[in-house]
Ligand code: NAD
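Next up: just one chain, as structure tokens, the form predicted on its own.
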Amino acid sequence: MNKKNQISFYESVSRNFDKAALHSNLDKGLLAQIKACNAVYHITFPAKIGDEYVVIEAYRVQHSHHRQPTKGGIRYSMEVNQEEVMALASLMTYKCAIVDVPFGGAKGGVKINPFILKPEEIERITRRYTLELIKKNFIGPGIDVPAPDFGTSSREMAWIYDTYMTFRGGELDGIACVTGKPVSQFGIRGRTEATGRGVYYGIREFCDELPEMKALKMDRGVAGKTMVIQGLGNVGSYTGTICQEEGDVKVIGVSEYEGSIYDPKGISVTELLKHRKETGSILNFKGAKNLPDRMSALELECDILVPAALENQVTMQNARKIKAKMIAEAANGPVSSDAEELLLKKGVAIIPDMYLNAGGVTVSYFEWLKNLSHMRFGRIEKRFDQQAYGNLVSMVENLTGKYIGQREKNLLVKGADEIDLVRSGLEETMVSSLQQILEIKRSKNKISDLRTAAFVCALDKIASDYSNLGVFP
């Protein structure tokens, strides 16, 4: 199958929705409402790039208003188009429902290549895009709250926040108009690593499920399992480093835009990131073998394949060559729906994107709550908890006559910082959400895959919201 005949990302999402709808027992009208995008805003505006003026194409899609505000990242890429943004926005709705984050789904996209533009050019485009959203009331703490995505970071979010406050100065909760901001600009600690850390928690919990591991003929637990990562951006790099440092996973292959590498003895992601920063490439990394092209790593034999780049990376063109026992979708839509059918028949387990990469929106929710409360997490209770724990340890020491060193005591009595609370909340979210998905998968005999179970989980929760609103009985 050539690329022209390949089904689109939007079509994949629609097919997956329709597949899950068969198991939902929901009214057809309600399903049609849940599936439809509520608002699509197509924007064009001029921008100066170099010595020329060009017309920039951009989008903001609000998929569902069943809960407000809507929430979703802004992507900067030359691949941006309306269908892609609609697909991403719809996934955000289902993602938020699965992890019990009270937002409707949204997404934004600007058709530029941020990697070849100067910072001042990106800033001008970002600020103008924000202004266009303000004009049409497509941004605000109670309306629509953007966040980073592919090609954007905390830098762009700071520009969006500053532009918004320039036009909405004095708005008490204006700082909550965007998340993923720098910590110094009312962001939250732990947001940068959030998606990658959530991927780790999701993989770890899935690998701890004995029935799922037995079906894959794998040992329980994540330690020692081999992993291949596609994409060393924010999500892929944090997934790799956290999986290695906290899960003792062996990364044997890495793929990036410039190529892919392989080392059966293991690749240190931390050292590889340093190598890429110094040389501009992951190729020729010490001890690793350069593979023929950037897609070659996806075909390596491994326990866990982590696509952490863009959508439609595993399609009917290469699905038959995939040798991984499980695919952990760190990116949005990396496996096309027709390729997934083939992989499931081969016995490959797929942890779906709409659950696995929900760490970003979960911690964005925490940042939004922090902004609305105007209070840093842990500020009030940290010292109180620390003193209470200290008194308890001292009491035990006095009663037993046995004493511990100051270093050990400090570890025992430490109160929770913001980063500790964020990680704890994220871990709880990923653990409890997977259990909900697995419960649906195991209770409905006709559901054999995690994606369908995740969709059914989302549909049930969204339908409940519509029922409570009185829109559908």
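Don't overthink the numbering: it's just position in the shown sequence, from 1. All values derive from a computational prediction rather than experimental measurement.
What comes next is about the form predicted in complex with this ligand, which is not displayed.
For residue 115, a non-hydrogen atom is located within 4.5 Å of this ligand in the predicted bound form, even though that partner is not displayed. Heavy atoms of residue 233 reach within 4.5 Å of this ligand in the predicted bound form, making it an interface residue. For residue 294, a non-hydrogen atom is located within 4.5 Å of this ligand in the predicted bound form, even though that partner is not displayed. Residue 332 belongs to the set of residues with a heavy atom inside 4.5 Å of this ligand in the predicted bound form. Taken together, 16, 90 and 433 are entirely out of contact with this ligand in the predicted bound form: none brings a heavy atom within 4.5 Å.
Look at 234-242, 171-179, 382-390, 155-163: in the predicted bound form, residues with non-hydrogen atoms within 4.5 angstroms of this ligand sit in 234-242. Interface residue among 206, 150, 365, 355, judged by heavy atoms within 4.5 Å of this ligand in the predicted bound form: 150.
Shown here without this ligand, the chain has 255, 256, 257, 276 in 240-277 lying with a heavy atom within 4.5 Å of that partner in the predicted bound form.
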